[in-house]
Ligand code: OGA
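Taking the form predicted alone, here's one chain by itself in C-alpha cells.
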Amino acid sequence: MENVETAGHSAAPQGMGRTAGFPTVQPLQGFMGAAVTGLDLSKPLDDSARDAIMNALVEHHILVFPNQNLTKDEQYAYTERFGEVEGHVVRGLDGVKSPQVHMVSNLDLDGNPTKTPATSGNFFWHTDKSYHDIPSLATLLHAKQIPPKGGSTQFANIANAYDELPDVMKDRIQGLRAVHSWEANRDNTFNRPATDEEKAERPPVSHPIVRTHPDSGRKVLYVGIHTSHIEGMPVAEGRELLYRLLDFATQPRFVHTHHWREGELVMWDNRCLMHRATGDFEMDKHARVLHRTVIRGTVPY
C-alpha cells in the first residue's frame, strides 16, 4: 500500500561520545515479539548492545523500540551496525528508484493521503527481498505518522507453521525449490508489470521451499507473493502447492498483529517471518508514513 519517497541519505558516522545505552528486553503477550527499552537509537550503538539486540531478534523475531525520533541518517547508521544496508528495485510515483532509507506511505505526489497508492504489494504476504539471490536478514520500519485507527502490520511465523505441517507434506516439499522474482511480485499483486530495466536488475532466482534459519537452525516455510512456480513441476501444479502452503502458514494461530504508535521503530527477522500491511483505515483521510531500511542477509539453504 505504500508509495516511496526519493530523498537520499548520507551515512551518519558512529562517532564518539555518548552511546545508545543497553537494551532491556520484555516479551510481548502472545507467542512472538518483544519490547526493547533503555536505548536511544539516535546515539552510536556499541558492540555489546548490538549483540544483545541480535540475540533478542533471533529469540523473539519482532523487536519494538518505543519512543524513538530518528532522522534518516540516524536510522541508516543504526541499521548499518547489523550489516549491509540493502538497496531497492521499487520505484516511486515519479519513476525514480528508491534510496536505501525511503518512505513508505499512502501519500500521492502532492503529499496528500490517497485510497489508490502507487503499489498494493504490501497488502500481500511476503518476506522482504526473497526475489534477490541474497535475501534480507531484517527490515526496520520507523513510524512517523500513523492513522488514529487501523493501518497495522501483521506477521506470520513461518517456523511455527513448518513445525505443524503434516509429515506427509514435509516429505513432499523437502528438496523442492521455488522461483522468486520481481516480475512475479508485480503480477501476483495486480500492480503495473515489471519494466525491462527492473527485470534485468532482478532476474528470477530459486530458493528452497524449506529454508534453514542460519542462527536458530529451525526449518521454515519460505514462500510468499514473490514466488511464481516450483522448479521441475508443471506451473499450475506448483502454484497450487505454493498457495496451499501460503494459506496454511497464515492461519490466525501463526499470526501476530502489530498496532503502530508514532515514534516506534520495529525490527523483524525476514528469515522466519512473512508480513503484510493492513488497509483497514480511511486512506484518503489519514496519512500513514514510515521510514524503511533493510539489512542484507545470506543465501538461503
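Small disclaimer: the values here were computed from a predicted structure and weren't measured. One rule holds for the numbers: they count along the sequence shown, beginning at 1.
Just so it is clear, the following notes concern the form predicted together with N-oxalylglycine, a form of the same protein that is not shown.
- Taking non-hydrogen atoms only, residue 153 approaches N-oxalylglycine to within 4.5 angstroms in the predicted complex.
- N-oxalylglycine in the predicted complex comes within 4.5 Å of a heavy atom belonging to residue 277.
- Within 4.5 Å of any heavy atom of N-oxalylglycine in the predicted complex lies no heavy atom of residue 159.
- Not displayed here, N-oxalylglycine is approached by residue 104 to within 4.5 Å at the level of heavy atoms in the predicted complex.
- The three residues 86, 202 and 207 each lack any heavy atom within 4.5 Å of N-oxalylglycine in the predicted complex.
- For the residues 230, 77, 141, 165, the 4.5 Å heavy atom test against N-oxalylglycine in the predicted complex is passed only by 141.
- Of the candidate stretches 209-217, 192-200, 121-129, 170-178, only 121-129 has residues with heavy atoms within 4.5 Å of N-oxalylglycine in the predicted complex.
- Taking a 4.5 Å heavy atom cutoff to N-oxalylglycine in the predicted complex, the one contacting residue in 253-274 is 268.
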